[in-house]
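A single chain comes next, written as structure tokens; it is the form predicted on its own.
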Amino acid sequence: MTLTEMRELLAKRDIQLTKSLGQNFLHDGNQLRRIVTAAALSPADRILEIGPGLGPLTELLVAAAGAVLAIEKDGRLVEFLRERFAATPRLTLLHDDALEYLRRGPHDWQDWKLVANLPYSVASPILVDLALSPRRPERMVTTLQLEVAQRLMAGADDEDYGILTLLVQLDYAPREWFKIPAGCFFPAPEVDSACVVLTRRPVPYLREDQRRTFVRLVKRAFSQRRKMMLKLLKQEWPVAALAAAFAELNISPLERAEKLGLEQFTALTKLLHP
């Protein structure tokens, strides 16, 4: 679907795009093909697409994968998509709020891949919910704001390193990313965009029962970035337990959270988990 076709279709149906829904539709064919290539699709794959919009990415997904589940919140677009893909049995289309749908779970995504141009307003919570799911997708290829992509790809002591980084990287290794110019979208967003590729780690760092402790630890540690992590953690864990854990892992009592890597946070979780 070209930009001209997209404009004409929206005008014909008198559809005014809504900024609050993050409706910036990717129309550039080269970028769409790059996303599909990054997803490494096969006819056996099952794909979750969130926010299909007018379906330019959907069209490529149903051609390359075995099944596609697309979730669209805007009823006007759902009506169009049902007409456009009426003869496409590989596609299941849901009219729903994707974040609410995910949280109604549980869902089994372990044999699925997420491939989506995520609505920017809910991209982070959607990724966190999927990443922390007990049956998380094997790969996530997502287009989102550049600043969010940088957080997902960050490492310890990077400016963008923080809660989002750790909650997603706990189970996903960031593989690659590429920028997508604003002119590739309609309407063009006011922020830069990027596509990131995240692959599920073959061996989890933590058991499922330890994950709540990890999330609690990370959120408390980054609750005030410039404060010493030990002081912040004292609000939730006994001083003696923290002192012993820090000593065992050779972490300075003066250290800030942004200096610790994922492996240190997971090791600390294991020592502090009940």
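None of the values given here were measured: they were computed from a predicted structure. Position 1 is the first residue in the sequence shown; the rest follow in order.
A second form of this protein, the form predicted together with a small molecule, is not displayed here; the remarks below concern that form.
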{"property": "Heavy atom of residue 162 within 4.5 Å of the small molecule in the predicted complex", "result": "no"}
{"property": "In the predicted complex, residue 118 touching the small molecule (heavy atom, 4.5 Å)", "result": "yes"}
{"property": "Non-hydrogen atom contact residue 71 with the small molecule in the predicted complex at 4.5 angstroms", "result": "yes"}
{"property": "Contact test in the predicted complex: residue 96 vs the small molecule, heavy atoms, 4.5 Å", "result": "yes"}
{"property": "Segment assignment from 97 to 105, 196 to 204, 130 to 138, 154 to 162: heavy atom within 4.5 Å of the small molecule in the predicted complex", "result": "97 to 105"}
